[in-house]
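Next comes just one chain, in structure tokens: the form predicted alone.
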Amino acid sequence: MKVCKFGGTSVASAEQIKKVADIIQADPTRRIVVVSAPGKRFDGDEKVTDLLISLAEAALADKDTKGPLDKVLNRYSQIAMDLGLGSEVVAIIAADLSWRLAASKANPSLFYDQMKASGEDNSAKLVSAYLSSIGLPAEYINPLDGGMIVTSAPARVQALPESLHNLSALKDRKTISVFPGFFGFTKDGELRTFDRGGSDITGSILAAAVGADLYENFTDVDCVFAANPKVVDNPAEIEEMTYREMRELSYAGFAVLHDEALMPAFKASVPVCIKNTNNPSAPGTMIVAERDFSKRPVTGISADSGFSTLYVSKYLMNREIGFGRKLLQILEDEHISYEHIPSGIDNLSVILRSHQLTPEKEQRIVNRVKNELHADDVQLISDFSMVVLVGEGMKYTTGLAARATLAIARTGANIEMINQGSSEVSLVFGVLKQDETKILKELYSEFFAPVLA
């Protein structure tokens, strides 16, 4: 049995959904299908999820919702008409949206979730209806009925362990199960959405639950590349990589697969294959538990911006018991998580995602560190990028870090931070955002160009 997830571009139009149907029809083991909300059909187009957010904003502001609602319905109506479906499925989608708009707005966050989730939910209804219309035995599965149980607020949205047991029943169904991605329900019946890329997470959970032989994640690229093709010309294709390598690259900016999506598949030892809906015959990239890393120690290079650094200096910090705990408590009080903490004996830096900060939070943090921890110097600096080298073979390769730092030195850029985890699967360089692109290109040239020559 295979679980297949189709992203937003794969279900953006009737033409794309027909490709999805061909892929499902070509392999009878593709029994569980997870779909995203319709994405962009062309440059400048709007994703259905964005249309739904605008609709939710209008409803919460008590403004006229007819215009935003019509935009959403027109997208689904166009797809349904081009697929040759009757008006019945469009009427079902219209009724669903009306019901959601009438839901309680007492908790805006839950209302947003309710509206955003309709993108995936109605996409699944549409795909299921089309598959049935061409003679494939397909059935839409509501996540509430299927048993996708998630954590309650204020906890971060994650599937609870009982979800795997509940969803395992899907393997016994005789029909093709079409399951909407991105959301689940709490034990109290409240709808909550996963983080960005949540449909990837749904697909991975289902693959783990049914013990799939393979989890196929269909997108709009043939494979995973060793670097961003928008930055590096013709980057190397990655045929095979490990779960840990993919997760590290996803964390650092690879948009192909959400970094959180791999964990359920990894725990259940389900291999993952990244494939292209527009070119399904391409082998794609296999993500497995172990691979031969002798040919190339570095699998990929990634970069992500939007980081800030909280720099704290205090003489004899290393001898002050509890200093780190107190510092992290200040961040916790502001509901801020951290990414890295490189340190010296008298100073440390806490790397944060900038989107978690506001000017008010920044000022409170700096003031509290000065006043409560009596730091000699406190600074919060933004506009950093993290450039990450990833590869299972790096820890067995002598001089790799030296090669990387020399490559960065050739660009004339300064390294603000270096961090390497104990697993040595990744090597992270903190740099100024303005230097990100030239560093990425130079590192790619250092570790990949000689092999490709």
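Computed from a predicted structure; not experimentally measured. Quick note: we count residues from 1 along the sequence shown, nothing fancier.
What follows is about the form predicted together with a further copy of the same chain, which we do not show.
- Proximity to a further copy of the same chain in the model of the complex, defined as a heavy atom within 4.5 Å, singles out one entry of 95, 81, 102, 345, which is 345.
- Note on contacts: among 195, 332, 360, 139, the single residue with a heavy atom within 4.5 Å of a further copy of the same chain in the model of the complex is 332.
- Residues 2, 73 and 144 are none of them found to lie within 4.5 Å of a further copy of the same chain in the model of the complex, as judged by heavy atom distances.
- Interface residue remark: residue 118 is not counted as part of the site for a further copy of the same chain in the model of the complex, having no heavy atom within 4.5 Å.
- Mapping the unseen interface onto this chain, residue 280 falls outside it, with no heavy atom inside 4.5 Å of a further copy of the same chain in the model of the complex.
- Shown alone here, residue 405 lies within 4.5 Å of a further copy of the same chain in the model of the complex, counting heavy atoms only.
- In the model of the complex, at least one heavy atom of residue 397 sits within 4.5 Å of a heavy atom of a further copy of the same chain.
- Only one segment in the set 309-317, 171-179, 226-234, 269-277 has any non-hydrogen atom within 4.5 angstroms of a further copy of the same chain in the model of the complex, and it is 309-317.
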